[in-house]
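One chain follows as structure tokens, the form predicted alone.
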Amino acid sequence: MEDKISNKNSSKGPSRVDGRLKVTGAAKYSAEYALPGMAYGVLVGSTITKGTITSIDTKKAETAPGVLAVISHFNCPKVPGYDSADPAVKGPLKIFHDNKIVYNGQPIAVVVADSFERALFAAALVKAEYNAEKHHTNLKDNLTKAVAPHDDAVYSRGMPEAWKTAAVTVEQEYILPSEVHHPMELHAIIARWDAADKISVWDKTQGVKDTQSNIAKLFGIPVDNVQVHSKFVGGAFGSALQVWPHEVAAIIGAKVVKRPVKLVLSRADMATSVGYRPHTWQKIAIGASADGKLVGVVHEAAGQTSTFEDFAEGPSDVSRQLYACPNVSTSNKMVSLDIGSPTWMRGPGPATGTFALESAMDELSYKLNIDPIELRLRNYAETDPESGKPFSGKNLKDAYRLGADNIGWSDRSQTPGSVTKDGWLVGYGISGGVFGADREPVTLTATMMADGKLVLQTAVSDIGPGTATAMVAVAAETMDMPADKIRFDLGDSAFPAAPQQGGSTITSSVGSAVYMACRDLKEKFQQLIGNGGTDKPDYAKVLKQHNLQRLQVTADSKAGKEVDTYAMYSWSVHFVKVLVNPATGVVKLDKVTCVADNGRIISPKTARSQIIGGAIMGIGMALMEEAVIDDRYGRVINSNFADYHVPVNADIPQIEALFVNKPDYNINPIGAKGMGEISLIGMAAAVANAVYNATGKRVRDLPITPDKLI
């Protein structure tokens, strides 16, 4: 393991380095750039769910004012990557490639015009004729068609049926509806061809290097000839982890009209065009001894996917990892339906899986008449139940204690519906969360300029958690210099390689690279100074003395042998206090306490924001969010913010974000692990468990709406 950074950060921490840019509007997002001669693209969506296109009437659109092109599969230039792909292999939708319709709203054409308004008007003039076929969009009706996507999707240890022999058992089904990615910033791209084999894009992406590579493969051009800019991203949660059809449409449009093309999805498009958390059915069977020790767990999950792309997020994996249990059997299956493809969404897998597992654990606690925290402590895993490896770091017991004290757990009653306050029923709930703590390869340059300013560069994106702020904090501490003399450049494919921002890996991965680069840079300065130097040199003065304009190092950071030695996870515990109106079924959250065990906290302010944001997302999952498909037509009918409900300020209670804050130097030299996922994972179950404690009514199909409690 490399040398490690100290743990001397303040409890307050630095303010966001990009905060002023964001609150003043100076931060430019992908749709906000204005290129000379820019044109505008608007997609035309299919009005059927399955079948083939027989004709497309584009004459009225083509003759409308300002229209430059109407592109469909009838006249679309060839996309080399589509033609070279194996037709037998499933994959992302090939836009404008053939006449097949595989989901409602699928783009069948793009209109390019000299203004957005003209493109929008002309798109409404495009009419298509179809041969419609019978479609299937209902998960429940098609569960018998569920299949495992790969061998690892089915797992077993011990005796799978052991739960049936236990003194106390729970066997239930749990349903999570589809949840749509609805970040504030709509997905957008500006595409400009700089030459026949050279392109620049300003794109909403969580991984500029991956987007660069995918565009190069699709259009058969050298990777270095693709320039991707994505300095600011207004939320993504997983929806920007791949190149979607609208991005390809804009690039095609720019090639056809020989002008830069901007394409911004509508809010309705967001429901079908950039993935979502899949509608998932789960079944849990748990058996325990009379004293609360788990005997066996069976966890089955089946989630929806599209017919053209296989996606399975692995909800049941959490049952392999969270508790010590000798007999565990899990399976993750998928059901192919005539819908758009789902994708990763914050806490993918465990966020879905913990709703089932932690609800079932709560049900077990009442059958056993054991406090839910005590039940979890009796099944506390000291080593990884799946691999048998020691944990790189686990302080979950501290998290239970911190959260219980803060929420006032001692006021909870084990008898549901027995506590009231001012006519409202009062309930408390708890849920745990876990997510893998990985460290990805990163290359980063650190350059000390002649004026004593430090510039760090790597091609990572930032979807909002405050990546630059945390990286500046690491550099300031390592270099022992003021943060306002450090600049962190990101979001550009011209910079050295970095991973996608997803899976809670960036602080661990990029932070380690920052630390290593700064350490190497300090060593270079010491070499210049010689043995008589100081540990805290005047960097600008040293450069001037040696007639240097700058001093630069490049660090390559990646995980080492520790991945074979330790099981690496971040952990969370969510505590919720709810008030439920017995007459109306309305649920009010009175207080939420979230405790994270994710190593060292590098940037306390942004860390707190991460935890609160994830908790709010979990509140939406528990009480409001549900994408509804009218199965008669295969169409999402609430693809707007009026009908797709998300939490607003009035729904959010006091939220306490607490941190164990014990460095995990076994995973990386800065001791930090991810928190973006665990901030959400378990929240839905904590709310559901609190509602049961308040009312005695167990809701197993989210969201928990008033009609389910009356």
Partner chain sequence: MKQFQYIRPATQQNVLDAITKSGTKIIAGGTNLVDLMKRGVTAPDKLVDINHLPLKGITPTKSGLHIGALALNSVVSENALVLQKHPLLSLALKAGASPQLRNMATVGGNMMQRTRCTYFYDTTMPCNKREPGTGCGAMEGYNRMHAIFGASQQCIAVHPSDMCVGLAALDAVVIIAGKKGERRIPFVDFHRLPEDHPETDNHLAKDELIVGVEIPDNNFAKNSYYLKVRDRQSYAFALVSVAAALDISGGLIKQARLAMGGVAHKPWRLYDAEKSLVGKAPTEENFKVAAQIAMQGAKAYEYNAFKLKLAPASISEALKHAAGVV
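Positions refer to the first chain, counted from 1. The model shown is predicted, which means the values in this text are computed figures rather than measured ones.
Heads up, the form predicted together with the partner chain isn't pictured, but that's what we're talking about next.
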Of 155-163, 491-499, 305-313, 628-636, which is the one stretch near the partner chain in the predicted bound form, taking non-hydrogen atoms within 4.5 angstroms as near?
-> 628-636
M624: touches the partner chain in the predicted bound form, heavy atom cutoff 4.5 angstroms = yes
Interface membership of M184, the partner chain in the predicted bound form, 4.5 Å heavy atom rule = no
Using heavy atoms and a 4.5 Å limit, would one call D651 a contact residue for the partner chain in the predicted bound form?
-> yes
Do A27 and the partner chain come within 4.5 Å of each other in the predicted bound form, heavy atoms counted?
-> no
The partner chain isn't shown here, but in the predicted bound form which of S413, Q552, Q526, N640 has a heavy atom within 4.5 Å of it?
-> N640
Checking K198, K397, K293, K588 against the partner chain in the predicted bound form, the residue with a non-hydrogen atom inside 4.5 angstroms turns out to be K588
Going by heavy atoms, what in 684-710 lies within 4.5 angstroms of the partner chain in the predicted bound form?
-> T705, P706, D707, I710
